[in-house]
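Shown next as structure tokens: one chain only, the form predicted alone.
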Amino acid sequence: MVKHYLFTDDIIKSLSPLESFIIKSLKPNKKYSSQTVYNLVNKNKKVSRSSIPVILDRLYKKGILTRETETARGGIRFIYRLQLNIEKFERSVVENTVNSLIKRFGEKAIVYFNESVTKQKRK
């Protein structure tokens, strides 16, 4: 596994264990298909083949991977590459946190957010 200069400990800690393992296993600027990532991961951890595309999609949505399409046997596949987009990553962390708080606390969380924003504007 490679330690990446792209990823701080805070970023690594905010990921699931499998997400963290995957990004630590990938080399910057190298392209990876889901199959290649599966082969890399499966050497050390027993993971179902179908979980890899799901995890790669999550990492893409968080801004940790870029994605492009490529024509392959049987159709089109995604090719991933490490490339942290800090703004997109931070937004996804905040969005997931806020959504989980609203789901858990409902109206109380929304009221608190509104009060907190109002206090911040006064400062």
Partner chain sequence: MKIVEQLSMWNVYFNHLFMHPLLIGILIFSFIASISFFILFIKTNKIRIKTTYLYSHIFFFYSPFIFAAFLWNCVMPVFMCTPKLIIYSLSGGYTLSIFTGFLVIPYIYPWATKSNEIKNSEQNRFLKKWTNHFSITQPSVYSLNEATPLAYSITNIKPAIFFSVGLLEILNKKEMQAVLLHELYHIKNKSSIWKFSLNQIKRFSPLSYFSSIRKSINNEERDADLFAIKVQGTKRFLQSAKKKINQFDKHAKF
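All values reported here derive from a predicted model rather than from experimental measurement. Residue numbers count along the first chain shown, from 1.
Here the subject shifts to the form predicted in complex with the partner chain, a form of this protein not shown in this document.
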Using the partner position in the predicted bound form, report whether residue 50 sits within 4.5 Å of the partner chain, counting heavy atoms only. yes
Does residue 67 reach the partner chain in the predicted bound form, with heavy atoms at most 4.5 Å apart? yes
Heavy atom of residue 54 within 4.5 Å of the partner chain in the predicted bound form: yes
Contact label in the predicted bound form: residue 77 to the partner chain, heavy atom within 4.5 Å: yes
Taking 4.5 angstroms as the heavy atom distance cut-off, pick the stretch from 91-99, 55-63, 38-46, 23-31 that is near the partner chain in the predicted bound form. 55-63
